[in-house]
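Given as structure tokens, the chain that follows is alone and in the form predicted on its own.
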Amino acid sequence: MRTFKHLKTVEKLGFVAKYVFLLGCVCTALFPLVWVFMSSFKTNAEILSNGISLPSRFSFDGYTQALKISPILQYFFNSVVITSITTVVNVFFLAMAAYIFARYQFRGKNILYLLLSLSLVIPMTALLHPVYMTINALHLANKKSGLVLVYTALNLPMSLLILRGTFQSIPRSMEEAAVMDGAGFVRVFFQIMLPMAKSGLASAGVLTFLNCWNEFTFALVLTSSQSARTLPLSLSYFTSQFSFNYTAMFAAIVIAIIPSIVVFALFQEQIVRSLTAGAIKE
């Protein structure tokens, strides 16, 4: 393998340009996060005088004020409950549906899958009115269960797409060997297919978690009390009557984004593995 000093001049320039480009992408992605995090320790005067400077001292006053100004802890708990239940329900039921779409033939299969996939291109704002009317008719407005139902449906097409591709990448010989050993459909699915599809399950679960955790519009329309409202809605407290308190607002943003970053960091390897699984031929 040739080292850097043995490369030609053009190759060296290309090598350097590639890493400069990657470094620029990383800095562009990280700068807003670092800026918000550092600003949460500043005072309002420091933020208004020089937005990109370091804080003169690290103070947690912004976090204390954020907890006093808005019901962040209640909203945080609501988000954890709603997002966790939605993720589990979405991944569990759509794993079964995706397995059927990937392995079995039945009348109307392609049409049904096409209809479910087409919902990916429907704007979320176009669904606000029918979803609101449906949830009201089911008497689930202003309830956590209503948001769980809506979020599960909204994340259905993406999870189905990921999990179907994951099951298709698993060799059929694994199922055939299990059937020859006397395993039935249920045992094949739960003991053979699900463990082998863990990367796809993790990917679908993480994407569902992130979509639910950061969703704002449906949570705003379908809820009206603190008992069901989610964490993104708490940020509205700092952009209306408390818009002048930037320190508390940045602190609230940090509290809201930390779970998303942690979850993605923990499962990023499985996500990458799942997204590249479609390139494997059976």
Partner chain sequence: MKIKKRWLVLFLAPSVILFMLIYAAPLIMVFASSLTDWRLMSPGIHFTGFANYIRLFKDPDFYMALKNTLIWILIHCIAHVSLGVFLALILYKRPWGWKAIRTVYMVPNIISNAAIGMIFVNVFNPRFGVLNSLIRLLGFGDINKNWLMDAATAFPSVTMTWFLFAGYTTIIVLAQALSIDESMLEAARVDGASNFQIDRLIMLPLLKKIIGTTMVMAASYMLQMFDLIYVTTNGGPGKMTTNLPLLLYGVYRSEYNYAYANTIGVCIIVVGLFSMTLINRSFKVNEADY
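Every value quoted in this text rests on a predicted model; they were computed, and no experiment measured them. Positions refer to the first chain, counted from 1. Take the two forms, find the largest set of C-alpha atoms that superpose within 1.5 Å, and that set is the rigid core.
What follows is about the form predicted in complex with the partner chain, which we do not show.
J.: Any chance all of 41, 67 and 75 sit within 4.5 Å of the partner chain in the predicted complex, going by non-hydrogen atoms?
T.: Judged in the predicted complex, none of 41, 67 and 75 sits within 4.5 Å of the partner chain.
J.: Does the 4.5 Å heavy atom contact test between residue 145 and the partner chain in the predicted complex come out positive?
T.: Because no heavy atom of residue 145 falls inside 4.5 Å of the partner chain in the predicted complex, the answer is no.
J.: Taking 4.5 angstroms as the cut-off for heavy atoms, does residue 198 touch the partner chain in the predicted complex?
T.: No.
J.: Even though the partner chain is not shown here, does residue 232 get within 4.5 Å of it in the predicted complex, heavy atoms only?
T.: Within the cut-off, so yes.
J.: For residue 54, is any heavy atom within 4.5 Å of the partner chain in the predicted complex, or not?
T.: Residue 54 lies outside the contact set for the partner chain.
J.: Quick check on this chain: which one of 183, 149, 85, 141 has a heavy atom within 4.5 Å of the partner chain in the predicted complex?
T.: Comparing distances to the partner chain in the predicted complex, the residue within 4.5 Å is 149.
J.: In the predicted complex, which residues of 209 to 228 put a heavy atom within 4.5 Å of the partner chain?
T.: Read in sequence order, the residues that approach the partner chain (within 4.5 Å, in the predicted complex) are 210, 214, 216, 217, 220, 221.
J.: Determine whether the C-alpha of residue 251 shifts by 2 Å or more between the shown form and the other one once the rigid core is superposed.
T.: Yes, because once the rigid core is superposed, the C-alpha of residue 251 moves 2 Å or more between the shown form and the other one.
J.: Core-aligned, does residue 233 move its Cα 2 Å or more between the shown form and the other one?
T.: No, because once the rigid core is superposed, the C-alpha of residue 233 moves less than 2 Å between the shown form and the other one.
J.: Quick one: core overlaid, is residue 35 moving 2 Å or more at the Cα between the shown form and the other one?
T.: True for residue 35: a C-alpha shift of 2 Å or more.
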